[in-house]
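Presented as structure tokens, the chain that follows is alone, the form predicted on its own.
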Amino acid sequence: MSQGWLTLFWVLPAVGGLIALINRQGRWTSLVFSLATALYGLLLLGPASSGAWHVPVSSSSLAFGISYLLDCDGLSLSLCWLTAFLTVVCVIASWNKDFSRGYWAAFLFLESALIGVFLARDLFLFFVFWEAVLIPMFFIIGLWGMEGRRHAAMKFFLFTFFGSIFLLLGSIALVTRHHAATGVWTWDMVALKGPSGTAGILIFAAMALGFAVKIPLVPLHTWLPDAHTEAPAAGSVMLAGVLLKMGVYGFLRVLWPVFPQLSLELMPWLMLLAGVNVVYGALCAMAQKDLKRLIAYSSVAHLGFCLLGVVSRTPEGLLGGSLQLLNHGITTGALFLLVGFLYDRGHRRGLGDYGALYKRAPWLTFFFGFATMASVGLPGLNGFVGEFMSLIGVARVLPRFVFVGVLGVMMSAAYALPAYQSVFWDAEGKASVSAIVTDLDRREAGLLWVLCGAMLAIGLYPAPLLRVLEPFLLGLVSR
């Protein structure tokens, strides 16, 4: 594979977005190009299964060592395909909505920027794509969201832009110190080596802060519930399914390889931050009465769990945390879709607004229960595999933090299962609202069959995904 093959991966949806802006049939354009991108991503996964993980790269350097440099491995390709898959899901889920051409184009532009983030090997190019993600997501929330969409969009923009400033400053300082030590200007993330001492800690902290906003880590998380609550259902799917993965991906792609020794020394503190996320996110979810905000806070807890495994720097923890990134994208994406379908019918999201929906919407009840069980880590479904491997990794280095992980698993059941019971099984609630709720149509049920099928397949047989992830992650351990 050459640079051209990888370039086409992110250019294809960008071209589709431009066509969707000028084409009256924007939804058809977005469907065709999102499907084409997903199929192209599957073609690129072919070499991964045969072990051809690393793509040879060569690119002429621009000013100060900046290069157009793309690379891929199992981790980046799996996240790229997750992006492409969820984009198709979002387009089909929004099919019956009367959105303008800009809506359909925004999802393709968002897909293009996200794939660019996961493929970039040059740190400056990585930052450019990182910032490009902000633009379409801002408009998706601000133009096509709920009543408080403008406030939520501005809050999302300010928080993420704040984090990006520290990421940029840390990147510039890293490249400058590397040049001072070696005499070579480069932004290649493979070649960069972070300094030691106080300078290394400051640069690491600045870049980690930029990634922490995207995860998001407490107390930088307050933008997330508002953004999820006010975004359209498809926007919440992309936000939870892919955008939140960018922060953990930054730790894996940038901080661990560039600061291998420092990341080990700071492991207890990073694990403490991840543990706080797990417990605090779960406690906030327990206090919610709005179904969408509950799932939003559950994402704070689940991403903390992903980071908990990744921070352990053990093979099991790295594999489990990375696998959980993919699992969370599928499971939480399905939950936000289901909440969106429910809101379309009842125009409410309160836990006390519905009751005994199993009588009127049995398929909606079934799929919501299935996704909820996957979210709480029921053995046999995808959530269990990643959490179990993460806990094994944590037990190998800091066993006391296993208690935090187990507590997080129990707390997830403590907020998710009562919420599911309240909406779908309890007889209480406003009968007038429940009476107007209808069951899923074929298009909606088809999407959920695919998502729930993926949850079951990964839960029963995760080996193919683990083989995709292994080479890069085990390479981190060996270094």
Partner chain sequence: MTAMLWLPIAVLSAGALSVLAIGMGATPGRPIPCGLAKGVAAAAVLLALVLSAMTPEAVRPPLLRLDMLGGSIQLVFLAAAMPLLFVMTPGDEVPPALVLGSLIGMALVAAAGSLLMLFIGLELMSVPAYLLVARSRSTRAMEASVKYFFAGSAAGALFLMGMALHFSAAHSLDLASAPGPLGEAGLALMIAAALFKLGAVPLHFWLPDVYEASDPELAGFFSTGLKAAAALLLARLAGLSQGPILSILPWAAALTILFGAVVALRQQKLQRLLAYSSISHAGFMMLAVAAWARQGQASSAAGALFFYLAAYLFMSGGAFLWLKVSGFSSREQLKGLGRVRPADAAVLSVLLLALAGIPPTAGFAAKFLVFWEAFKAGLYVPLVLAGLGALLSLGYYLGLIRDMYFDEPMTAKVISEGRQDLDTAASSSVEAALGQRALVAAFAVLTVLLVVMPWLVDGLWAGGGR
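Remember, it's a predicted structure, so these values are computed and weren't measured experimentally. Residue numbers count along the first chain shown, from 1.
Below, we turn to the form predicted together with the partner chain, even though it does not appear here.
Put simply, residue 28 is far from the partner chain in the predicted complex: not one heavy atom of it is within 4.5 Å. In the predicted complex, the partner chain stays beyond 4.5 Å of every heavy atom belonging to residue 200. At least one heavy atom of residue 135 is located within 4.5 Å of the partner chain in the predicted complex. In the predicted complex, the partner chain lies farther than 4.5 Å from every heavy atom of residue 93. Heavy atoms within 4.5 Å of the partner chain in the predicted complex are found in one stretch of 242-250, 137-145, 72-80, 255-263, which is 137-145. Residue-level contacts in the predicted complex: of 168, 339, 209, 270, one residue has a heavy atom within 4.5 Å of the partner chain, and it is 168. Residue 177 is the only one of 360, 177, 345, 313 with a heavy atom lying within 4.5 Å of the partner chain in the predicted complex. Proximity of 64, 128 and 172 to the partner chain in the predicted complex is complete: all three residues have a non-hydrogen atom within 4.5 angstroms. In the predicted complex, 187 is the single residue of 187-204 with at least one heavy atom within 4.5 Å of the partner chain.
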